[in-house]
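In structure tokens, one chain follows: the form predicted alone.
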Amino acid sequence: MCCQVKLGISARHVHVSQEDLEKLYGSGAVLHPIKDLGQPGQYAADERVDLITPKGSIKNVRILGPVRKQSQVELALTDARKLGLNPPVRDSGNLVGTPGITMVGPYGSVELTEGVIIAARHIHFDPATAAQYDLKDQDHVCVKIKGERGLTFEHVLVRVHPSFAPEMHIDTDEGNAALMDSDCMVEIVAK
């Protein structure tokens, strides 16, 4: 199997529900896009929150839009350790049994009882591109990254949806380990 896809490196970020956005930014609040992301309709918003636990805090964490059904916080392991948390590696939206955290915005705060994860490394595909490479939703593949500190990532989750564009997502810890920047090309080498 030989398929190349663009790499996207995700820094720590937050997804919020409309209800939580209004608690953080006031009644009727909306997100203000400042930069489109690699997936259609996804964007970095101007809005930010502070993340607080009893053991630490991280200020000015970017909210990504659009709003979602449930708020969640995606961290790299380095971030989680700074906050004194031990979140599981999970697919986005799989939040049952995950640690909670406090998000603070300019108008108020939100106490999440669960919702902090380390996002599983994954590749987005639209159905036609996935079919071209004989891949389906929830498959796992190995991905090779070339370079001075090249490596192969195993257990990369395949996510297929009509709204997706082909792109692999890893977190900043993983990107730093391979000396990679966003927008380079990586290769799927095994299913």
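We number the residues from 1 along the sequence you see. Quick caveat: nothing in here was measured; it's all calculated off a predicted structure.
A second form of this protein, the form predicted in complex with another copy of the chain, is not displayed here; the remarks below concern that form.
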For this session: Using a 4.5 Å heavy atom cut-off, state whether residue 161 contacts another copy of the chain in the model of the complex.
Result: no
Exercise. Wondering, does residue 150 line up within 4.5 Å of another copy of the chain in the model of the complex on heavy atoms?
Worked result: yes
For this session: Although another copy of the chain is absent from this view, report whether residue 20 comes within 4.5 Å of it in the model of the complex, heavy atoms only.
Result: no
For this session: Could you confirm whether residue 181 comes within 4.5 Å of another copy of the chain in the model of the complex, counting heavy atoms only?
Result: yes
Exercise. With another copy of the chain left out of view, which of 118, 95, 85, 112 would have a heavy atom within 4.5 Å of it in the model of the complex?
Worked result: 118
Seminar exercise, completed: The stretch from 128 to 136, 30 to 38, 65 to 73, 151 to 159 that lies within 4.5 Å of another copy of the chain in the model of the complex, judged by heavy atoms, is 151 to 159
Seminar exercise, completed: Contacts from 169 to 191 to another copy of the chain in the model of the complex (any heavy atom within 4.5 Å), listed N to C, are 171, 173, 174, 176, 177, 179, 181
